[in-house]
Ligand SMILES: NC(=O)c1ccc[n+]([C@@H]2O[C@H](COP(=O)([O-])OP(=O)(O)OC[C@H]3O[C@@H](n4cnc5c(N)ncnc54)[C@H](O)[C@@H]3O)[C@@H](O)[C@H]2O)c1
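Presented below, as structure tokens, is a lone chain in the form predicted on its own.
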Amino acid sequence: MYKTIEAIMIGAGQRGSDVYGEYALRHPDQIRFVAVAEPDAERRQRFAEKHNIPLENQFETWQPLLAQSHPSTGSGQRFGQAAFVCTQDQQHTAPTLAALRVGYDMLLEKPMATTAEECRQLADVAEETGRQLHICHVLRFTKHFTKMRQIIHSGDLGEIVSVSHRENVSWWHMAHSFVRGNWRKKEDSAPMILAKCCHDLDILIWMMDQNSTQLSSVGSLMHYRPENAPEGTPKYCLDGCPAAETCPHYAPFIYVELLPLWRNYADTAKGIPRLAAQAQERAPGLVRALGNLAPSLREMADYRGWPRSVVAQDPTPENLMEALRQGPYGRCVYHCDNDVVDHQVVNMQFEEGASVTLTMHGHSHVEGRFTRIQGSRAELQASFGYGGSRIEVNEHRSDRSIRYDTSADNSSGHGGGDERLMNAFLMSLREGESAELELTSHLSTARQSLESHLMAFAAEEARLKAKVVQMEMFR
């Protein structure tokens, strides 16, 4: 029987609290959070209450947490073995470096840092201190991308000639995160190609098991600009917007009615989950009534997760409306201070000659990742969405079509990747980073993650300077 791993949480926001914190509550025999640092008093208190963290182990900032000796020893010992850093992107580097030097093994949210220099520094210090530092590239842990990697390495597709990968960000997700939300400004966060697509760049490297040799990129902020605002629109949706009945970005439509989320879910789901999502739009009262018989329907009827949980700590309809009146998520999308792109394409050549494109944009009707791979013997088409995912392989000679359902449990974040990432991280702490276990081999160390981040920085430089970047020189 393994000893329960004790951990500290730096940044108890949506990912820290709702993903990793909830995992600990579901698996108290595996991991227990014993200290927290979070500047928002309400979030800090809520996390502490859920995890029974005493007042003396609750901190407003990370500095006193990492400087504090463990109360039970008074000898400057660490609070536990592991540290989670889930702060905003720009705040990743300093607490991670400090925690590594204190002696923690770490899980760090992506992107690992917002400059190439800081990314390199994190990888260097992790190696200097001999501590584990893994980046949360959750797509590696999904059934979907694991299966795709297996198909590529099986040779069934033949020689890989062309890869087209799309990160289709839905219009309402774009509005939420990259127009109204925390990732709207490059200066305060990171370029969108890094913040949103370091996952995708990492998964392309991981699936192909090779790096890019050169790349170019184009893109811009095209739509979410003041000149595209409907005539007479105010700064806030609830201040009498004349386009309230027709604008898809009207805040109560996205957050209170939540129809875009359920429609998106239904578009990629199948069977009962699809019918339930459709019923949530057409007959929410029926879904609520049937919730007594089916827990999954009750969760849908009383949904309190993302994006609602970001708008209000207690996302009741009343609290949501109050938060939208003068809060950031109630702003007109054409009157925000956003400056990140809403579309970008990266063209790459990989080491063995394949041409690879990554298309990212924030105007998709259906949220999801879509991949098409042309091989010398077969073609692969794949879709990875909220409601489900699937892969189809079509063989050239036989014309045979093989289909794989790669959907995960609908309640599991990132297609099951969140749960499996945590399993692998905890396993690596118990068995050692070099343990030859299939799941832990999916973990991405800081050094391994550096490549995908450098590709994102190179893509941004290529876009801004209209140039082709040779990755060897950029590295």
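A residue's number is simply how far along the shown sequence it sits, counting from 1. These numbers were taken from a predicted model, which means no experiment stands behind them.
Absent from the display: the form predicted in complex with the ligand. The rest refers to it.
> Report whether the minimum heavy atom distance between residue 47 and the ligand in the predicted complex is within 4.5 Å.
Result no; residue 47 lies far from the ligand in the predicted complex.
> Heavy atoms within 4.5 Å of the ligand in the predicted complex: does residue 249 have any?
Residue 249: no, not in contact with the ligand in the predicted complex.
> Does residue 183 reach the ligand in the predicted complex, with heavy atoms at most 4.5 Å apart?
Yes, residue 183 lies within 4.5 Å of the ligand in the predicted complex.
> Decide whether residue 378 counts as a contact residue for the ligand in the predicted complex under a heavy atom distance cut-off of 4.5 Å.
Taking the distances in the predicted complex, the answer for residue 378 is no, it never comes within 4.5 Å of the ligand.
> Check, residue by residue, if 109, 136 and 414 all come within 4.5 Å of the ligand in the predicted complex, counting heavy atoms only.
Heavy-atom distance to the ligand in the predicted complex: all three under 4.5 Å.
> Where, among 39-47, 23-31, 422-430, 444-452, do residues come within 4.5 Å of the ligand in the predicted complex by heavy atom distance?
Heavy-atom contact with the partner occurs in 39-47.
> Tell me, out of 143, 308, 199, 331, which residue has a non-hydrogen atom within 4.5 angstroms of the ligand in the predicted complex.
Checked against the cut-off, the match is 199.
> Consider the chain as shown here, without its partner, and state which of 237, 86, 358, 393 has a heavy atom within 4.5 Å of the ligand in the predicted complex.
None of the other options qualify; the answer is 86.
> So which residues in 458-475, when you check the ligand in the predicted complex, have a heavy atom no farther than 4.5 Å from it?
Residues within 4.5 Å: none in this stretch.
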